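The chain below stands alone, shown as structure tokens; this is the form predicted alone.
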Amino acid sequence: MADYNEMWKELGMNLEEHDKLCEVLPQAFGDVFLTQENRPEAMDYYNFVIAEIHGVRPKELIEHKKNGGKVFGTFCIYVPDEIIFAADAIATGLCGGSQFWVPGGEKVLPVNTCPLIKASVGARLDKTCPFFRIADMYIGETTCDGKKKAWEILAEDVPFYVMDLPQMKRRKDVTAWKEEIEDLKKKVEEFTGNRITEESLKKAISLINEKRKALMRLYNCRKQKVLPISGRDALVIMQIAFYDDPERFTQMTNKLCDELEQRIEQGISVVKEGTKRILVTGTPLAVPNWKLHNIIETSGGVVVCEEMCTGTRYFEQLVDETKVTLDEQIEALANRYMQINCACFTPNEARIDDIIRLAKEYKADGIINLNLKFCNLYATETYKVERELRKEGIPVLSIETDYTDSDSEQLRTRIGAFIEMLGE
């Protein structure tokens, strides 16, 4: 990484603590990703993004702010990025995926809070992540009780806006979400001083749709018998999608897909024939949480799909681009975002339908159902997920973990046995 110390200092970061993170991240990335054989050449771009994760993109965001723009930090895929970009602002993901930030969160949150929430709070309060320092306003949502209360704590330290997500999907709930998006539009306009027009929102909808299409193309490559990319590499691409410049990300991901499609034609696979194909479902895997994929792919399996927020839920549905008026465009946004099947909804059979559909589309031999510790929503939904998958004759292994490495060997034993069982 280049020298960004002066930039970090101006952001008010705790440089001494931050240096500790900078010391371990390159080694972790190298161990998980650079040890792979036969990686696509176009992965060099994503390697660079991670290598400069606290430098290049933060520098771009700061430059945007110097030119009078605003940066909004978001934590959930229900928050419509389109509204933010339509106001000539930038949206960047803020979810914390490292154990490094968890102790900072535990200073103000109960220990039995999920690690994603604790890490996200710790990254801000301990001043060890530039993205958390740069964002002018955070936008949260009411997907779980832990988040709702954490937002109250963060709101004491940074301007915060919370969207009230309905917990059912009746017509009136979609209407209520449309009203929430309209309220967000007003807030973003007020905060930026920029008016959102039909033209600017149409442009923003197209911008984000193109990113989704690039990710669809990437995942379509993972459906093939000839697997041109590992699950680890696909995961880090998904994680980068949350904060990279959307136009550049789309361009680079389409360039990668050109190479992947050529590999498929040439029969170039990153795994041996017969390697067991695993679909991972459950709680999101925020950067740099690569533990599960690394264990699976060094235990005889390969991840071919993620039914997660850091996976298919992020890109599967497009926003209708045929709408003309602002009211119609916002309704199209509400309709699209309410198709996401998070465990916060009740009932939530549609998520189980998605898992079964994806297992067939990606020709998965088995499913690993992941739950981050203390996420009661996904933990409770595990019962029905397992029951319905077994009815379909799809092998499933449910695991619960956190960001530490203390259970890595135990997970490796269980996952290894599961993959071995798939071959029987």
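All figures in this text were calculated on a predicted structure; none of them were measured in a lab. Start at 1 and count along the sequence shown; that's the residue number.
Keep in mind that the form predicted in complex with a further copy of the same chain is not shown, yet the notes after this line are about it.
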Inset, instruction - Given that the partner is absent here, state which listed stretch (151 to 159, 77 to 85, 237 to 245, 271 to 279) has heavy atoms within 4.5 Å of a further copy of the same chain in the predicted complex. - result: 151 to 159
Inset, instruction - Assess the spot marked by Leu109, Met168 and Asn348: is a further copy of the same chain within 4.5 Å of a heavy atom from every one of these residues in the predicted complex? - result: yes
Inset, instruction - May I ask you to check whether Thr142 falls inside a 4.5 Å heavy atom distance of a further copy of the same chain in the predicted complex? - result: yes
Inset, instruction - Decide whether Asp402 counts as a contact residue for a further copy of the same chain in the predicted complex under a heavy atom distance cut-off of 4.5 Å. - result: no
Legend entry - Exercise: Lys172 in contact with a further copy of the same chain in the predicted complex, heavy atom 4.5 Å: yes
Legend entry - 4.5 Å heavy atom contact, Glu180 to a further copy of the same chain in the predicted complex: yes
Inset, instruction - Counting non-hydrogen atoms within 4.5 angstroms of a further copy of the same chain in the predicted complex, say which of Val32, Ala379, Ile394, Ile50 makes the cut. - result: Ala379
Legend entry - Position in contact with a further copy of the same chain when the complex is considered in the predicted complex, options Arg357, Lys384, Lys363, Arg390, heavy atoms within 4.5 Å: Lys384
